[in-house]
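Below you will find one chain, with nothing else, as structure tokens; this is the form predicted alone, and questions on how it binds or moves follow later.
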Amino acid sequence: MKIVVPLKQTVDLVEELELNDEATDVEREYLTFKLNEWDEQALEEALLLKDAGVASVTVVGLEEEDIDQSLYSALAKGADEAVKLTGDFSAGVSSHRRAAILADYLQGAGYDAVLIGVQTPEDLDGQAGGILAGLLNVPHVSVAVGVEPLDAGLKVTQEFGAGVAHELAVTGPAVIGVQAARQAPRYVPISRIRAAMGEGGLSEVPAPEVDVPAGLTVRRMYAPESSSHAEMLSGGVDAVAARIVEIIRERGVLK
């Protein structure tokens, strides 16, 4: 069974974000990027299937900032193949365009199942898995918390509200949106990542040209307005304590 795991880079939210001149996106030039956390869960679930001896794992990513690091990390963790779809994606890629590019690639490369992160945090229409399944005309299962071997196919466990779980038998090509793997994503030391870089194994394929409009268009973004500010208290213990009591009274909490 050939499993393909698409990987996407997202903005590292520990960085201070600024809007671009048009206020339609964050300014990406000075940001750092990391692997989408849900894609990391999807990769771990695919590697668990490989560990069970039922699958090979191919990771594929668009040529985005720091994607090489994520692809080589996947190889170091145990993925069999890594593919970078090359092109200019510096301005960001909508989930609709990403899905169209992946669909074109998958139709030529072949696959038995696609395990993809259930969503991305930076796109209002960010569930690329459902869009991808529609373009490929294959079944789609989302919010998966377990993907296990089952006869000639897969058993997919979905998680719903109130702790309710649902199991599905999936046969034939399908796209599965993974919310959480059965175990925490495995750690790989930087030495193994560097070794993977030295060994190569990263293929580059030109990304196909697609003309797909975004499902939603961002007209304007606004930075959050500050409605209040912290008051720094100074002075002795008695003075600070008295000011705290005064603030509480001002708020109507203490009379």
Partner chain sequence: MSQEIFVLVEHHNGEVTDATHECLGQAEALGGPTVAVLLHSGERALADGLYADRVLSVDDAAFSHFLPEAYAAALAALVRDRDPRLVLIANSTVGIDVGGPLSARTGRPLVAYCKGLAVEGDTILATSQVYGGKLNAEVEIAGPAIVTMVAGATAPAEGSPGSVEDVAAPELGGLQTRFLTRIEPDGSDVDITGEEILVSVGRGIGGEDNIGLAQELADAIGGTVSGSRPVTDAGWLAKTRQVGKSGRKVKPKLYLACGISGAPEHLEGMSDAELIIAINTDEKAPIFDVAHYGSTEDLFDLLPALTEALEGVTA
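What you see is a predicted model; the values in this text were computed from it and never measured. Positions refer to the first chain, counted from 1. Under this definition, the rigid core comprises the largest set of C-alpha atoms superposing within 1.5 Å between the forms.
There is also a form predicted together with its partner chain; it is not shown, and the following applies to it.
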| item | value |
| --- | --- |
| Answer range among 43 to 51, 223 to 231, 190 to 198, 66 to 74 for contact with its partner chain, defined in the model of the complex as heavy atoms within 4.5 Å | 223 to 231 |
| Heavy atom within 4.5 Å of its partner chain in the model of the complex - the one residue of 147, 131, 113, 79 that qualifies | 131 |
| Residue 172: touches its partner chain in the model of the complex, heavy atom cutoff 4.5 angstroms | yes |
| Heavy atom of residue 87 within 4.5 Å of its partner chain in the model of the complex | no |
| Residue 163, heavy atom within 4.5 angstroms of its partner chain in the model of the complex | yes |
| Non-hydrogen atom contact residue 124 with its partner chain in the model of the complex at 4.5 angstroms | yes |
| Contacts with its partner chain in the model of the complex - residues in 197 to 215 whose heavy atoms fall within 4.5 Å | 215 |
| Post core alignment: residue 208 C-alpha displaced by 2 Å or more between this form and the one not shown | no |
| Core-aligned CA displacement of residue 191 at least 2 Å between this form and the one not shown | no |
| Shift of residue 32 between this form and the one not shown at or above 2 Å (CA, core fit) | no |
